[in-house]
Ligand SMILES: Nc1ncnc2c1ncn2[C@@H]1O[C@H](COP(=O)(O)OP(=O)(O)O)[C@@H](O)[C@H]1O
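Form predicted on its own, single chain, as structure tokens, below.
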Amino acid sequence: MLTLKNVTKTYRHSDGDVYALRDIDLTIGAGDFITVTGGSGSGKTTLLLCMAGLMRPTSGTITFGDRKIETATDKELSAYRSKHIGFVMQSFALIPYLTAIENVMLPLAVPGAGRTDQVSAATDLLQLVGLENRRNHLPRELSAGQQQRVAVARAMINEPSLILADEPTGNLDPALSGEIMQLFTEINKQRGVTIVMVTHSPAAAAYGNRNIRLAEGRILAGA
């Protein structure tokens, strides 16, 4: 599904180039559940941003199917993210004045499915994450775990083939973290969605079928 070859990302600094990623070689197959671990500054988030086409590597190639991500235009990258990528972030990133179902439907605000189809799809996903009865609640009326469930449902609304998750359990206690990880497992196994998840948590990392460990921008193990 996604292949990275010799991917390097550097930042210019007065003291010299700073390497966020160094010669990353990684192949992600359809249906994989990959967890990415490593210390702060190891390059985990940069890796996700490059996969999403939100950051261009300094050198190397990133291929999604037959699509070259690193050389795609901004318009092509926007279409790539819209059609193929779902995002789940540590901060939930819900719109505070929108209800749960409106937040889930937000990516569909771009012309596409009709309103009735959008509501039906969002309702199905809220049922999947166990929040159909909270569909009209605002984020402030939901617990942290429920907010993250809404965020997961929103990530699924465009039927992505790949979910990129950056510390999705970072703001949750262990019990809620386990619930979110069980949900990711269900989405991965039952719906066949590929997941790449950055995490500091060894317990969360154990849910993946592969673990990639990074240090100073290099893969130590798992590729």
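All values derive from a computational prediction rather than experimental measurement. Numbers follow the displayed sequence, beginning with 1. So that the term is clear: the rigid core is the largest set of C-alpha atoms that superpose within 1.5 Å between two forms.
What comes next is about the form predicted together with this ligand, which does not appear here.
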> Does any heavy atom of I212 come within 4.5 Å of a heavy atom of this ligand in the predicted complex?
Replying inline: no
> Does T58 make contact with this ligand in the predicted complex, using a 4.5 Å heavy atom cut-off?
Replying inline: no
>> My question is simply whether T46 lines the interface with this ligand in the predicted complex - judged by any non-hydrogen atom within 4.5 Å.
In response: yes
>> My question is simply whether V18 lines the interface with this ligand in the predicted complex - judged by any non-hydrogen atom within 4.5 Å.
In response: yes
> So which stretch, 35 to 43, 170 to 178, 186 to 194, 150 to 158, is the one near this ligand in the predicted complex (non-hydrogen atoms, 4.5 Å)?
Replying inline: 35 to 43
> Just checking, between the shown form and the other one and with the core aligned, does P202 shift 2 Å or more at the CA?
Replying inline: no
